[in-house]
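First, one chain by itself in structure tokens, the form predicted on its own.
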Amino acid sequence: MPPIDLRSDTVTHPTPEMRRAMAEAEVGDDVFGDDPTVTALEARAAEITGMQAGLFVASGTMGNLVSLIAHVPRGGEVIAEAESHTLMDEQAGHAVIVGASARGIPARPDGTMDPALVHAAFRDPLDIHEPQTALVVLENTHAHSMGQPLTPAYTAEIAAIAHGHGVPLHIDGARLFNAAIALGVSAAQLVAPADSATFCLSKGLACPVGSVVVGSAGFVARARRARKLVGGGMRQVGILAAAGLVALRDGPAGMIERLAEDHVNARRLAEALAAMPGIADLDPARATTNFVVFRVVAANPGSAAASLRPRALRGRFLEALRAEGVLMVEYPHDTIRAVTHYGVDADDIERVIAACRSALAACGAASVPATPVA
């Protein structure tokens, strides 16, 4: 049987309808503004998020980068969660390319930053020793807190702080629609307090490539220049944008509503794993979107596995899991991440649960019974 790949929701394959739309897409030179399919996608992205304009980019990282270039003057400072993707996983583009420093605020268990700490992080604009704060960034869903969705009320609170200091708010909404589905609100409600946002098409929405940046017309014009600067000006890219138009349709014809299935599958996996000896730091109630994050530990303190360092035991578990035909990935703080997505159904999750049970026994973490623990 083919492996079940839970390393990320970036491993999704496009739907048959996406493939047909891509093959038949009307195209033009997008650098000249002549690609009608890209134009339609950008308009749809703006509509669904309640923003004035959109910009199709190659990736979420590019989307965040061009947003920072558009917002932040050279030498400015960005406030963001300390382990956010923008600060930790984009090769310090904020420093290398934008020329900005960063001030990281630790996340609370729900993925939020303490508003008081955000307020205190703003620099004194009159002190010539300090950089000037230029932007606040939120990540929704917040990956390192196990994909917790940030509410419109919290976003509005942080936006009020940012705007009160005269700086904009940007949302890294790589999984924005997962947050919307989990909270039962629209994407437009989630980004309404912000000045700009990005969202990925190539994660849970199952498109092969791309993200979209949205914001005011003036901001998007600056971001479009920044996209060209970093080599993101693409030509007949309507072939890729066509898949995004399919994904962003309303109702069952699109890919947004079905994200709820991924959330159900993640909760089922989390509940089963949390009941297994050898699995630690996993509260199933926190599986509110499509992330499951956990640690593997030695259930028996006297076992050989108990003498292994956490990373070594994690490595043995992942290797044993791979032998069972299931892929997961290492995550920070000696944890493991599994991400549910299009192409993984409820039956697959049952296979994953059985494989995890076997892998725990194989790596010595626990001798797990063959039937689920009640």
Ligand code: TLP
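In this text, residue numbers run from 1 along the sequence as written. Remember, predicted model here, so these are calculated numbers, not experimental data.
What follows is about the form predicted together with this ligand, which we do not show.
Residues with any non-hydrogen atom within 4.5 angstroms of this ligand in the model of the complex fall in just one of 59-67, 341-349, 38-46, 316-324: 59-67. Contact annotation for D195: none of its heavy atoms lies within 4.5 Å of this ligand in the model of the complex. This ligand is not shown here, and in the model of the complex it never comes within 4.5 Å of any heavy atom of I181. This ligand in the model of the complex comes within 4.5 Å of no heavy atom belonging to H170. Among residues of the shown chain, R224 is not one whose heavy atoms approach this ligand to within 4.5 Å in the model of the complex. This chain appears without its partner; in the model of the complex, the one residue of R286, R123, H165, H85 with a heavy atom within 4.5 Å of this ligand is H85.
The contact residue chosen from V98, I158, C200, L135 relative to this ligand in the model of the complex is C200, the criterion being a non-hydrogen atom within 4.5 angstroms. In sequence order, D172, A174, R175 are the residues of 161-198 having a heavy atom within 4.5 Å of this ligand in the model of the complex; the partner itself is omitted from this view.
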